[in-house]
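First, one chain by itself in structure tokens, the form predicted on its own.
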């Protein structure tokens, strides 16, 4: 038991937690934008998968991981525009469009990957990927240095993006407009601002961040490797983080860290428990998160109804005399 606990709470576990949480956190921040704008985007898994492929293709074609990341971000913006075209402009059902996007992504990435790299995938191809960055002073600190140092650039950029996206949503006029587009669109329209334009902006930001998530997954997490279906439902987990965090980017990152922690624990426990069981741990935690959200909302709804009934009840006879 002591050996298992030492494995679970080792520096390697927390390092793996950061790396596993990063793609989920990036997608969750993008999903927070569309959620605030009143769009339920379940197509993030497909966005991540396409970003992963385009990142590898960009790196392979231009010989640079940075070029691959840029290509994934630009492609993510195009996918965000495509999503907004159907959901905002054509007023299609967002759930159906999200499902269609996921199905399309699976077929598209499989076809392109096999056409470019063959059925063996990217193995055997020289693809530039993100290198770990050693931080001189922090890296020398025992335990903490092992966790914070030696990660790729996108891990650190994600920390900055959490602060930037939080400030954008809650401290800037554009962020206020995006939230108003989802909560009070008619009021926003009365103020002379188009809610549809804000929904377009939210979709573009979501596509951009999901593309960045995919690029990290293939060029940072898996060292320049693309595998069919490699998003592994991370988009749905990111959506669960959005709901759990009430679309707050900072809280969504904390929820992603929780997923990353249990994912890392699952990897550590493979020496003691079947890998089929340990791989299910983070997804079971995601289900528990969603159940908690549903139960909490129902409890608040009941409390609100009880409070409304109490306030609406007539005063007792003789009260106030």
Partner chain sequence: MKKLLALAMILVLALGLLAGCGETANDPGTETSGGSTTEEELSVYVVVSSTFGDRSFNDSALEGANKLAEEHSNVKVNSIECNNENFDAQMQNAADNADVVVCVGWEFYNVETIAPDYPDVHWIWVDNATGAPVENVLNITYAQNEGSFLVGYIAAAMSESGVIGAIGGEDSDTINDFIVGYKQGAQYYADENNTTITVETNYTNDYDDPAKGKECALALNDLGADVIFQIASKAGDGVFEAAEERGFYAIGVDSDQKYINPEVIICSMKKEVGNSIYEAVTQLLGGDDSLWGTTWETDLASGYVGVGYGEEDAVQQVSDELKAKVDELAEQIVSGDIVVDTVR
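Note that the coordinates shown come from a computational prediction; the quantities given were computed from them, not determined experimentally. Numbering follows the first chain given and starts at 1.
Omitted from view is the form predicted together with the partner chain, to which the following refers.
K.L.:
Taking the shortest heavy atom distance, is residue 228 within 4.5 Å of the partner chain in the model of the complex?
P.N.:
Within the cut-off, so yes.
K.L.:
Just to confirm, residue 136 within 4.5 Å of the partner chain in the model of the complex by heavy atoms?
P.N.:
No, no contact at 4.5 Å.
K.L.:
Is there a heavy atom of residue 120 lying 4.5 Å or less from a heavy atom of the partner chain in the model of the complex?
P.N.:
Within the cut-off, so yes.
K.L.:
Using a 4.5 Å heavy atom cut-off, state whether residue 78 contacts the partner chain in the model of the complex.
P.N.:
No - in the model of the complex, heavy atoms of residue 78 and the partner chain never come within 4.5 Å of each other.
K.L.:
Pick the stretch from 270-278, 31-39, 292-300, 53-61 whose residues have a heavy atom within 4.5 Å of the partner chain in the model of the complex.
P.N.:
This holds for exactly one stretch, 270-278.
K.L.:
Please tell me which of 144, 246, 163, 103 lies within 4.5 Å of the partner chain in the model of the complex, judged by heavy atoms.
P.N.:
Exactly one listed residue reaches within 4.5 Å, namely 103.
K.L.:
Which one, 187, 92, 194, 172, lies within 4.5 Å of the partner chain in the model of the complex by heavy atoms?
P.N.:
Looking at 187, 92, 194, 172 one by one, just 92 meets the 4.5 Å heavy-atom criterion.
K.L.:
Need the contact residues for 13-50: heavy atom within 4.5 Å of the partner chain in the model of the complex, sequence order, or none if there are none.
P.N.:
Result: 16, 19.
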